[in-house]
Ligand code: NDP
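A single chain, nothing else alongside it, follows as structure tokens in the form predicted alone.
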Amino acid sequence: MSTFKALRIDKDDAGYRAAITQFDDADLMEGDVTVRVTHSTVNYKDGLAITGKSPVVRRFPMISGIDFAGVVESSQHAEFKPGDQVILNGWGVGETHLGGHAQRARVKGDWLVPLPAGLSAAQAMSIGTAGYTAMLALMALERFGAKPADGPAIVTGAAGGVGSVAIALLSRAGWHVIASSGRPQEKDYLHHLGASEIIERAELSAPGRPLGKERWAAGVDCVGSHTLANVLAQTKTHGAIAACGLAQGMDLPATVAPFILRGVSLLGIDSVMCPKVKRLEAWNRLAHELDHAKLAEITTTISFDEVPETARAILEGHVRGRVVVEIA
């Protein structure tokens, strides 16, 4: 095909805009593997990119979509051949390199991961960067040495994509999970995923004290700002929090008190430039450790044409769990 369908983002004298249009195959960026995209997803970062609410996109025009799954059409990379099913998360795709909200993508083969046995392309995108990030957070807590016997684990932004998968993974690993959410209507949903307790987002989202009562031994924070500061202030001595989101803000209005008085550790989770060896471990674990029935229950499937509307909805907090985009 000489052109293909894509969600193109432009910024010029006419302003910032995103629209589904035809994109010329000749304008694809450099790469040694071309993929026919079958599925993608809509993450919080995609919402920021498509709406322009945050400077996620670094070049224009851009095709949005930090994730995709599909089938290799052509390859000059030793690890991949035509017909292989592959996944991509991160590496600046949808930010500095044309992304996955398109029928076709050309990328570096080093960025790709083979679709794990036992997962379909749709299931892989149901997991997406959100679920992959949640697994990276669990792996970081495990490497730190955190274990369920130490006490509860807190998950903030619990009804979102990362939070939903983090609850399911932590619960399966034996943790007593405390879910923090601003959506009281999602109480049954969060309990079904594996949360043992649910606390209101307001308990953590306002400015707090340097130190509070010790409440949890570990956690996954998807929110940042005052929420992360309060989570750290209420973490048990020698506990650890994995931080992977900024839904409330990029700031961290905290003090050093949790770190120097309780020995609390803050573990940063980078899903974008994560080394391939960790990606392979995360995806293989997700294929075997994530309950596929629960994955289906937290997933909504949309058409390509619904992506712009869904991008706005995810920023407004109207999307729970995961969204799969059928591209083909």
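Predicted, not measured: the structure shown is a model, and the values here were computed from it. Throughout, we count residues from 1 along the sequence that is shown.
Same protein, other form: the form predicted together with the named molecule, not shown, and the subject of what follows.
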Let me know the one among 269, 28, 264, 298 whose heavy atoms come within 4.5 Å of the named molecule in the predicted bound form, would you?
-> 269
Contact assignment for the named molecule in the predicted bound form, among 258, 160, 99, 239, heavy atom within 4.5 Å = 160
Looking at the partner-bound form in the predicted bound form, is residue 193 within 4.5 Å of the named molecule by any heavy atom?
-> no
Heavy atom to heavy atom, is residue 283 within 4.5 Å of the named molecule in the predicted bound form?
-> no
Distance check, residue 133 to the named molecule in the predicted bound form, heavy atom within 4.5 Å | yes
Does residue 314 make contact with the named molecule in the predicted bound form, using a 4.5 Å heavy atom cut-off?
-> yes
The named molecule in the predicted bound form: contacting segment from 73-81, 116-124, 100-108, 215-223, heavy atom within 4.5 Å = 215-223
Sequence order please: the residues of 179-215 with a heavy atom within 4.5 Å of the named molecule in the predicted bound form.
-> 180, 181, 182, 183, 201
